[in-house]
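So this first bit is one chain, no partners, the form predicted on its own, shown in structure tokens.
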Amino acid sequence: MTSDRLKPVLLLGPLVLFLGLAYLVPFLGVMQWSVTLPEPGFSQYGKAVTDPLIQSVFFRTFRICLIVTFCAVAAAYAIAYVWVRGTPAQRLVTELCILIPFWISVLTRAFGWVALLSNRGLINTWLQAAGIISEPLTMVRNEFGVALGMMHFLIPFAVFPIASAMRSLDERVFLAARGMGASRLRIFWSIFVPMTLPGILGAGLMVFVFALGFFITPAILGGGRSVMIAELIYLRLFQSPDWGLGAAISVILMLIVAALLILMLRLVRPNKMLG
């Protein structure tokens, strides 16, 4: 093997080995549990897809993830628009607003939302002090609090593919449209938005996949009343002896995520996702 062919192997080999040891081996172990515990067979998969409780958790998870995805992508589109096409000062402020959240842990953000949204939190205290409400609004320990916390975390991730799609647009197309008398609103809805559709789809799928695996934010802001699938897997594996069922749910979730990732890669090129 020549040195040119050996170099990529030496560079990628440790990464492939690490990914195999860190992800593939544990996943194979989980797959083994799903078909061997408590007894050999696929009975746990049958239970996972027919149990009403598990079905309700799956439906709740997909419902919350869809709401979070729609809101996060809509907010990210507006932020990306300002980031790409705003003035230099607007771009700098927007860039800071995108990057600073990455410096704060998800746990800190979740407890921050609890401090804001709880019955004795800042928002309810201010509203009651101003005489706007007489009783505190219930904004945590429900799906609203979970969705809000997840959306806050995921918006920055959705900005990058959308901004990348916006940066790749050919300005001559807009100049031609203006020269033909099209209004700014017509150019935006008829040309700008359709041309950034790959970025929107990529951002949406990426946010949805991330949201499916959320654990800390739903556990804290949901307070056990809005259990999502990742929290259910944790409960089955670590707080009940039903390891086989928890493993079967994990495998089903992994298959769903894998299918969505394949769809995402077919719709959007990886370089579009990285910005």
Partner chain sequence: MSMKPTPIAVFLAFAVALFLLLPLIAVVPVSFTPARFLSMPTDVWSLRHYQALLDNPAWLQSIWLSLRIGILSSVIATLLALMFSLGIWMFRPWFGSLLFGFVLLPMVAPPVVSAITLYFFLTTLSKVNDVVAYDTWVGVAIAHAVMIAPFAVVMVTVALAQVDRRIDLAARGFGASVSQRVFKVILPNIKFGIFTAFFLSFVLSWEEIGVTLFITSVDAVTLPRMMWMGLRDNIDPAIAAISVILIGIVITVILVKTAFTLKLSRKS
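Rigid core here is just the name for the largest C-alpha set that superposes within 1.5 Å across the two forms. These numbers come from a predicted model, not from an experiment. Numbering follows the first chain given and starts at 1.
The next section is about a form of this same protein that is not shown, the form predicted in complex with its partner chain.
Only one of 243, 45, 62, 70 lies close to its partner chain in the predicted bound form, with a heavy atom inside 4.5 Å, and it is 243. Residue-level contacts in the predicted bound form: of 201, 166, 127, 114, one residue has a heavy atom within 4.5 Å of its partner chain, and it is 114. In the predicted bound form, its partner chain lies within 4.5 Å of some heavy atom of residue 250. Mapping the unseen interface onto this chain, residue 97 counts among the residues with a heavy atom inside 4.5 Å of its partner chain in the predicted bound form. Within this chain, residue 263 is remote from the site of its partner chain in the predicted bound form, having no heavy atom within 4.5 Å. Within this chain, residue 196 is remote from the site of its partner chain in the predicted bound form, having no heavy atom within 4.5 Å. Of all the residues from 143-168, those having a non-hydrogen atom no more than 4.5 Å from its partner chain in the predicted bound form are 148, 151, 152, 155, 156. Annotation for residue 258: C-alpha shift under 2 angstroms between this form and the one not shown, rigid core superposed.
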